[in-house]
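One chain comes next, on its own, written as structure tokens: the form predicted alone.
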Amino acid sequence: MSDLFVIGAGLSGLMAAYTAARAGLRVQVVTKGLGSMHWAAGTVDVMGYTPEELSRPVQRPLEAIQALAHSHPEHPYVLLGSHQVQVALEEFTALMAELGLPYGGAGGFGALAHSTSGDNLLLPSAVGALRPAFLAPSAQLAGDMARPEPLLIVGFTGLRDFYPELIAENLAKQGFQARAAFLPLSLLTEQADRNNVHLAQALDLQARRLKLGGELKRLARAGERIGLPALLGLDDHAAALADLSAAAGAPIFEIPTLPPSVPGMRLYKALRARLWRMGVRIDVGLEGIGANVIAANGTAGRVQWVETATTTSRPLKHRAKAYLLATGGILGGGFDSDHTGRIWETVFDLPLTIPQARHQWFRPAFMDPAGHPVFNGGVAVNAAMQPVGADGQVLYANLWAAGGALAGADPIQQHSLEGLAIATGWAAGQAIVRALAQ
């Protein structure tokens, strides 16, 4: 029997598993899929837009979190407080530096703010829009649009999902000096139909990246920085970035492309490898997750076991002292619905704050500034990240929740997906360690 059983292997689940394992707990993680890291940009978006102002990016996200206390007291950030959010981000940054995948913030490498004055970066997207992010992998930092250097956006003929001319044109329309250029795909591969993951693996070979670096040096003008699709190595990324920057003689940065995300895959692989070395078991591809819970009148019940489907007719039961729900919300498969309008949480059938009528799920305007209730609702929790009922009482004494399943936030709309995952996963892990120590 494990001390902690984590359901979900996204950033929140893995951060909680790491926090608990570092404290000496025996941890098991099970998941149906691989989580959102394979689809996201690899950055840590803490608060890009507030619920009240979606047309103007947030400059200082930790200050914005403090302001949420008055307008959105149910927001997970408000439940934790900006200080705990900051501590969780510092823990994440220190961990990634240990793993050889360092993250940094505005002001240069490693500049995670130690006060509420930390600014967001503004990084170019795959279409040349500006996206706010509080932390980014070192390979994306030179793309911060606060820097003065002009940009050379380089693509490869025949490469899908990356269009340098579109990126440069849209950046130029926003007042930035940017131009586009192409190199032959044969620099990276002899095969015509390769995606970014295949090409990243190709650049794990030093000979290929040195050859590419020479071509980039030929293209670049004095003073330019070079933007490339995010494919600078998968398993040997740090060396790939260093070799290319040295060979090109210019700052190089990655621009995340359409999924699958190479920066996100690097993050997942690094976290999973660390957890494996810590003795954490991660089982991927487990279907049919359900649970047995014992309810109690007047006091919190307990989760007795969680079961997963097997190839036989008998499900596999998993018993633990504590359980963490980190399955995501409606977009992550943690919630399900039917034609009647009912929406439910799929493992423990926890009560949700989402309206139980289809006509109340969405507002009439697709881009409504207030967002949509179906994405803003979820599992209500207390400050310790334990699910609570409408009366605010804890439902199950040994159950916690983190990440996209939580009520009170729309992390996609607010550009806070990774920040919420890290902060709530870390906080849940800390709360579980304290609870099991009693």
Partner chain sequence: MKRIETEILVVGGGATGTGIAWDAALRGFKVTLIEKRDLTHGTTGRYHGLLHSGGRYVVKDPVSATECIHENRILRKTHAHCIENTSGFFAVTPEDEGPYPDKFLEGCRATGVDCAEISVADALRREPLLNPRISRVFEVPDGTADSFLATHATVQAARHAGAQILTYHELMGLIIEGGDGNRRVVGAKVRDVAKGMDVEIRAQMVINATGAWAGMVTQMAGVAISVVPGKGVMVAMNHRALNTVVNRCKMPADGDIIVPVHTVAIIGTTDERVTDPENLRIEPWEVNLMLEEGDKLVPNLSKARVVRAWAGVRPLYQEDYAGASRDATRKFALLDHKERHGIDGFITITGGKWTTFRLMAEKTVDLAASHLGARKPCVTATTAVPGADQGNYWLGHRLHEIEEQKLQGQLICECELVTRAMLENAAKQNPLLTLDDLRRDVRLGMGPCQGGFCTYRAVGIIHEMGKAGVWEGDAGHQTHAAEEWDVAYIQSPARNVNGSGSVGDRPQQQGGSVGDRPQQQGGSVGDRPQQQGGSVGDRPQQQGDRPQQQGDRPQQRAGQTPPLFNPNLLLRDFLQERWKGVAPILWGRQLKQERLDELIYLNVMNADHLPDDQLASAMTDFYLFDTTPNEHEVHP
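Note that the coordinates shown come from a computational prediction; the quantities given were computed from them, not determined experimentally. Numbering follows the first chain given and starts at 1.
Below, we refer to the form predicted in complex with its partner chain, which is not included among the displayed structures.
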Work out which of Gln174, Gln304, Gln206, Gln356 lies within 4.5 Å of its partner chain in the model of the complex, going by heavy atoms.
Gln174
Only hit among Phe348, Phe162, Phe253, Phe92 for heavy atom within 4.5 Å of its partner chain in the model of the complex is Phe162
Segment assignment from 163 to 171, 212 to 220, 239 to 247, 93 to 101: heavy atom within 4.5 Å of its partner chain in the model of the complex:
163 to 171
Taking its partner chain as it sits in the model of the complex, is Ser337 near enough to touch it, meaning that at least one heavy atom pair lies within 4.5 angstroms?
yes
Looking in the model of the complex, any heavy atom of Pro364 within 4.5 Å of its partner chain?
yes
Considering non-hydrogen atoms and a 4.5 Å limit, does its partner chain approach Ile412 in the model of the complex?
yes
Taking heavy atoms and a 4.5 Å cut-off, does Leu399 contact its partner chain in the model of the complex?
no
Whether Ala300, Gln393 and Trp426 jointly form a contact site for its partner chain in the model of the complex is the question; each needs a heavy atom within 4.5 Å.
no
Across 127 to 145, which residues bring a heavy atom to within 4.5 Å of its partner chain in the model of the complex?
Val127, Gly128, Ala129, Leu130, Arg131, Pro132
